[in-house]
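Consider the single chain below, provided in structure tokens and representing the form predicted on its own.
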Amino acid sequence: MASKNQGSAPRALVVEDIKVDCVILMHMLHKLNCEATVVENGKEAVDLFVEGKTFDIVFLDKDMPLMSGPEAVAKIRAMGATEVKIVGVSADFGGQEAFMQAGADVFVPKPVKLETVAAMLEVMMLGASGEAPRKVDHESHSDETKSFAKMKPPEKEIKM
């Protein structure tokens, strides 16, 4: 998988306060050969960007202590970080609107699936490298994967 950083592994930031969810997402990212950094809340994520750290993709939970995911997205975008792909992640399906209004690229409901993360990284990294994208079998991916491949959120909110 190519990266903006000339052949190096994609850099991911995971912003999650629930340890189990964090471990699961980190395991997926490592399996997909990503370099991953973890912080526990939106304030810590914003602080990394203030320090000049850069990432290819950021996964943010919605409800966290000190600063929520959507608040962090708005602050990161306000700092001019427009190239980083931001994924809002939450079990709260109502979180989609908050993340999208704040400037996230896509919302993915929990539980996040490995094939969803893999498809997001492929679309993101191929788009950044300028290479022609490989054909993706969208039938084997979930609806949220298809929406990311188009780089826009699902047309309507999923109700349970």
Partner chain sequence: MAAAALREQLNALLSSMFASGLVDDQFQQLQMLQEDGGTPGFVAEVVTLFCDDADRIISELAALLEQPIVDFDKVDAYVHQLKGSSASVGAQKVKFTCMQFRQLCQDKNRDGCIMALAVVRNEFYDLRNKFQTMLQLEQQIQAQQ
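Computed from a predicted model, the values in this text were never measured in an experiment. Residue numbers count along the first chain shown, from 1.
Note that the form predicted in complex with the partner chain isn't included here; everything after this is about it.
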item: Listed residue that, although the partner chain is not shown, lies within 4.5 Å of it in the model of the complex (heavy atoms), from Asp63, Glu40, Glu122, Glu97; value: Asp63
item: Contact flag, Met28 vs the partner chain in the model of the complex, heavy atom cut 4.5 Å; value: yes
item: Residue contact check: Ile18 to the partner chain in the model of the complex, 4.5 Å heavy atom; value: yes
item: Contact of Ile24 with the partner chain in the model of the complex (heavy atom, 4.5 Å); value: yes
item: Met67: touches the partner chain in the model of the complex, heavy atom cutoff 4.5 angstroms; value: no
item: Full three-residue contact with the partner chain in the model of the complex, heavy atom 4.5 Å, for Val46, Glu51 and Ala74; value: no
